[in-house]
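Below, in structure tokens: the form predicted alone, a single chain.
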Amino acid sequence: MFLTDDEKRMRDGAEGDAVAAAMDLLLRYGAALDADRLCAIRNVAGTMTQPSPVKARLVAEGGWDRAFAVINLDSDRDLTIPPMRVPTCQLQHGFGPDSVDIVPYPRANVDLQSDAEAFYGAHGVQILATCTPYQVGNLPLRGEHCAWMESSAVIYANSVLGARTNCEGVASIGAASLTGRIPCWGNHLDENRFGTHLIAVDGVSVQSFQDWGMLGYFAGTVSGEDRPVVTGSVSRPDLAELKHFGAAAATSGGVELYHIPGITPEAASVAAAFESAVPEPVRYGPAERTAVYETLNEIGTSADVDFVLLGCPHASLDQVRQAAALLDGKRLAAGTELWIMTPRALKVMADRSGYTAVIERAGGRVLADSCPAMSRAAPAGTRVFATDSAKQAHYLPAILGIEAWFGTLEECVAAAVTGRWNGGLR
């Protein structure tokens, strides 16, 4: 692998043992990927502060330096961790102190995480605590090389922002944070950013938030880990619809990059989205739309809903506003809980805008920092939940062993108010 003089200095210990360990990890990682060089980056988004039994043990053994060395650098050495070399943010993690007595989440985890936030904040990690860092200030430029975790964040960064990142892991983002480097392969390279599958929307009109999620789920199923290009009868999506589409595509498949010609930045046209010949299209029509809806609702049997979850990926401020408008003057059904997940920075705005007060008067909660899938925590006794997120409808039944209903925001709020699921494809 070719190394610059600066990279050789870091490898050889000129910036300390922790940076040398980080370079050692990146060189091993790059060799496994057959990468011939490293990319210079200045934007890292990953997980360092989230609690776990392993992390608690490591902290007890040697503090947070020890935990970072083992988990984020794959090193058993006794290292002192310096400040992060490049701008680095913490993605979503466990629930915070304001969730105590609301979310059935261990208090020990809350305390461990608060301790971690103090350590990493002092080391230059911005505790954004959201799977949507782009909603709260972390917006890499088009063409900028990054090292991001979290599938819905990665696909948004690549596709909507035009930045360049693979879906990294806890070790590679730790090493990237200390070095400002990541192996230059995959989505970092021009030749790997062209479309591979053409999906033609025909006979249906994709305009709603729900329809963008279902189309994304179909795109992931068709494309696997490749790069779909979507054309046909689609409206111009907003931010929430694009994050919903991307999260669904990354869930049913492993999509990290997609193109919508004329909307996403790297594909002005269908021809420009492909490196060579445009492939035969895969049709997304009424039958395919119905099949996706039925797949997302195949685990639901009981119409008695005891939990409604909104905000996956974390809700935008406007999504919180829409939920508040639907709940204004209403009360949740006895025995049914509603959680709306949003970035903490946007929760502050929702509080100031009065949306949180409306939701709480109805009996709902606006929560930050985590989600039931990340923290494996739902209201005690939950058997059946409803959501407007294709991602949560896919994952949460397997994680928590509960039934799921997938529908619109309006259907989910109605389920929270009535305690019954009455959704259906329209």
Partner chain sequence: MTIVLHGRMVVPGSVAGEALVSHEPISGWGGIDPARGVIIEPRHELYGVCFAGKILVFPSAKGSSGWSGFFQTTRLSGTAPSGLVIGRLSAKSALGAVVTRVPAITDLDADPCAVIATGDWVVLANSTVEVTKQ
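What you see is a predicted model, and the numbers here were worked out from it, not measured in a lab. Residue numbers count along the first chain shown, from 1.
If you look for the form predicted in complex with the partner chain, you will not find it shown, but the lines that follow are about it.
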Item to check | Triple contact flag C89, I127 and I260 to the partner chain in the predicted bound form, non-hydrogen atom at 4.5 angstroms | outcome: no
Item to check | Interface stretch in the predicted bound form with the partner chain - options 381-389, 362-370, 36-44, 49-57, non-hydrogen atom within 4.5 Å | outcome: 49-57
Item to check | Candidate from N158, Q113, S172, T342 lying within 4.5 Å of the partner chain in the predicted bound form - any heavy atom | outcome: S172
Next on the checklist: Counting any non-hydrogen atom inside 4.5 Å, which residue from M84, M149, A333, L198 sits next to the partner chain in the predicted bound form?
Outcome noted: M149
Item to check | Proximity of T295 to the partner chain in the predicted bound form, heavy atoms at 4.5 Å | outcome: yes
Checklist entry - Could you tell me if G254 has a non-hydrogen atom within 4.5 Å of the partner chain in the predicted bound form? => result yes
Checklist entry - Can V278 be called a contact residue for the partner chain in the predicted bound form at 4.5 Å between heavy atoms? => result no
Next on the checklist: Given that the partner chain is not shown alongside this chain, does F119 nevertheless sit within 4.5 Å of it in the predicted bound form, heavy atom to heavy atom?
Outcome noted: no
Item to check | Members of 220-238 lying within 4.5 angstroms of the partner chain, judged by heavy atom, in the predicted bound form | outcome: E225, D226
